[in-house]
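Only one chain is given next, in structure tokens, and it is the form predicted alone.
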């Protein structure tokens, strides 16, 4: 009788584990993840409770809290047992994805539909992917392939990142190409939303596209693309040398190939993107670039480096609405303003969009610029 009563709960636990949430077995409910989570600056969110419910087989798959996690990795970095909490969140979302689109936030459902149909989250025509480049022609074959993410390719605000990156590479004299057959979304948000089959299809298309063009190295603007190409595509056969542009340009600076001819004379503070910093340990290269620009005074916010607070765009949250008063980007913007900086420098299209929105809605007296824009200004 007892086994009959417990059977549905055991099956629910097994389902989470089979979906990739094996880390459930390691968690001993110390609660440090909840204490660490940046959401608790703004609202109550208990990752510990979500995990415990999953352990008991009582997870509420219709709860909005399942979609709150921004996968910033702050909790994983501080967990005493190094529990892969993000994998648990992905597993819960994967089960929801199998239940049907009606169980996920509407804005995210539309985004995934756009990605599945058009190959990008904005639902833009694939043939418009390289419009940011204007009339510039790229070689048919290229060992170095620049892959701007969907946001910096299509979004009218973030497009300036791709344009600045290409301009800097041209001015320094670096030969590079873009995908002849437009690449599709890297699939990072898709995977964080639990749709593994769509992620695999996107990845396979991109791997074949990059390989046909003879690409050995991929240069990215987005830390999310960087992380996905570097850490997840190899499992599907996509083995490339992957660099975020801050790594590449910092290398050119060290080699003396990137030389600045103009002083900017501004105070700058830098926001560490989660998927560049905590996920992949890239902290020094962006700062080396900024310090190398004549006239820039770099000042740090209260929370920086491994302690940086997420902008709120990870884990698919960039495609969901956050009501005013519950925006991590506004919290981070306040920290930037406290430094007295003229410019908040970013190295991620998601961060750029979130902070630009924050400046518009709060009339904050600070400019938001991608590091490539500052590099371009100083050349």
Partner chain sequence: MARIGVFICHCGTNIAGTVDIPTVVEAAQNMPMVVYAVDSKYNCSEPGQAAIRDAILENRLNRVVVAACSPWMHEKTFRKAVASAGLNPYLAEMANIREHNSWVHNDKQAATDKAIEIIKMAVAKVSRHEELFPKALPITKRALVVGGGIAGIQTALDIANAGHPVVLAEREPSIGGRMSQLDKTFPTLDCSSCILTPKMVDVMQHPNIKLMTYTELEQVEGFVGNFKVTLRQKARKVDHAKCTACGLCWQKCPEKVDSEFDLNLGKRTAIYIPFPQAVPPRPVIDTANCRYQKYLDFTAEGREGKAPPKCGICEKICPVGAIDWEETDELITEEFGAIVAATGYKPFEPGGYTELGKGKFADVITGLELERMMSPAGPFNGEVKRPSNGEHPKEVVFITCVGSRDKQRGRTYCSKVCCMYIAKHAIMLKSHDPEVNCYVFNMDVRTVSKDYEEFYEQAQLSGATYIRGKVSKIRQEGDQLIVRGEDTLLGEIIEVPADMVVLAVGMEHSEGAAELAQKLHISYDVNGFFVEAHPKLRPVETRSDGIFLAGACLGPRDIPETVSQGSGAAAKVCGLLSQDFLTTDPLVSVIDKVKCAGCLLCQDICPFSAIDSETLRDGRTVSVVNESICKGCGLCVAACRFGAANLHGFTQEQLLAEVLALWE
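Numbering follows the first chain given and starts at 1. In this text the structure is predicted, and so the values were computed from the model without any measurement.
Keep in mind that the form predicted in complex with its partner chain is missing from the display, and what follows is about it.
*Which among 60-68, 336-344, 318-326, 28-36 is in contact with its partner chain in the model of the complex, heavy atoms within 4.5 angstroms?*
Residues of 28-36 come within 4.5 Å of the partner.
*Is residue 82 close to its partner chain in the model of the complex, meaning a heavy atom pair under 4.5 Å apart or at it?*
Close contact exists here: in the model of the complex, residue 82 approaches its partner chain to within 4.5 Å, heavy atoms only.
*Verify the contact flag for residue 78: yes if a non-hydrogen atom of it lies within 4.5 Å of a non-hydrogen atom of its partner chain in the model of the complex, no if not.*
Output for residue 78 is yes: heavy atoms within 4.5 Å of its partner chain.
*May I ask you to state whether residue 332 is within 4.5 Å of its partner chain in the model of the complex, using heavy atom distances?*
Output for residue 332 is no: heavy atoms all beyond 4.5 Å of its partner chain.
_Quick check on residue 303: any heavy atom within 4.5 Å of its partner chain in the model of the complex?_
It does: once its partner chain is placed as it appears in the model of the complex, residue 303 has a heavy atom within 4.5 Å of it.
*Could you check which residue among 241, 181, 143, 307 gets a heavy atom within 4.5 Å of its partner chain in the model of the complex?*
In short, 307.
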